[in-house]
Structures are given as C-alpha cells and as structure tokens.
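Here's a solo chain for you in structure tokens, the form predicted on its own.
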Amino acid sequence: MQDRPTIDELLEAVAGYLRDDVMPNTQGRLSFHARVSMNVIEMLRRELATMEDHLAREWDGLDHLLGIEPMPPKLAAVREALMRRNEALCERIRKGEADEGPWRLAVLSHLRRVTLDKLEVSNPGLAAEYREPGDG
C-alpha cells in the first residue's frame, strides 16, 4: 500500500490543475477536453470512494432476488460474479417472472437502488434529485 499521496489525493490534484489552471487559460477544443478530463477524474474519485458499498449493496439485492451466494473476496471475481448474477436476473425478467406480484416489486426496488448508485458516480446532482429517504 502506498502512503501519501493517496490515490484520491493524486486524482484531486490533477482535477484541480485542470479546473483551476488549464480551463480558465484555454478556449475552444482544449478547454472542452480539459473539462471532460476533469469530469472523468471526478467520476473516478466518486467510484473509488463508493465502490465497496455499491458492490455490497448490489450483491445483497441479488441475494434477496436470486438466493444467497457468498461474495468472492477479490474485486475482479466480484465483478465477474455480478455480471453472471445480473444475467440470471435478466433471464428471469425476460421469462416474465417480474411481470407481476411481490417479486416484481422487489426487482423494481433493487433496480432503482442499483441505478441510483450508478448515477451517484456519474451524475451526483441528478442522483440527489431522485433519492428518497432510505435510499442507500
């Protein structure tokens, strides 16, 4: 593990440089690309800060919908398993299992929560508009 600067501190420094030094002193295409780059870095910072909670919340939601399964200990394995589990959920939805009844409500609740988590990374302002009390 690296000490300081942390990953977040490094990303914050680059984003600050783009925001405070490059964008105000450039125009047109260069300024636009600096803004896009800064936004990407800020998204990375948010994803790194929330990744553990978001992955655990998605895993827990899929446990409730598909049955309990142990979460793998390594990040790459978690991502791969989430893809597999989400494919299983999609297949059940395609088969019409979520067309009505209590499982439908559970699926909709899970999808809303996961979508808001993703939106929190990509567009936190918009996510805040849609969050309700009790939303993760």
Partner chain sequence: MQKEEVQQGLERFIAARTGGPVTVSNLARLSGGASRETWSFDADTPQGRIEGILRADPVPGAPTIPGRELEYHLIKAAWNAGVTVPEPLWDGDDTFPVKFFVMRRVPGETLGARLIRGEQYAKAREVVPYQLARDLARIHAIREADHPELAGLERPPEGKTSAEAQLDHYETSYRTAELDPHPVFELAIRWLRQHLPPPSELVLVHGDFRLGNFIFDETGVKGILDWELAHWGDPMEDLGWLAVKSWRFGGRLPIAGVGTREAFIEAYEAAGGRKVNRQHFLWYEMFGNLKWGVITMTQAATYLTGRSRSVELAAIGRRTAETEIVLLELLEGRWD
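All values reported here derive from a predicted model rather than from experimental measurement. Positions refer to the first chain, counted from 1.
From this point on, the text means the form predicted together with the partner chain, which you will not see here.
- Interface residue among Asp60, Glu47, Glu52, Glu69, judged by heavy atoms within 4.5 Å of the partner chain in the predicted bound form: Glu47.
- Judged against the partner chain in the predicted bound form with a 4.5 angstroms heavy atom cut-off, the residues Asn86, Ile93 and Ser122 are in contact without exception.
- In the predicted bound form, the partner chain lies within 4.5 Å of some heavy atom of Arg29.
- Under a 4.5 angstroms non-hydrogen atom cutoff, the partner chain in the predicted bound form has Met43 among its neighbouring residues.
- The partner chain in the predicted bound form comes within 4.5 Å of a heavy atom belonging to Leu126.
- Mapping the unseen interface onto this chain, Leu111 counts among the residues with a heavy atom inside 4.5 Å of the partner chain in the predicted bound form.
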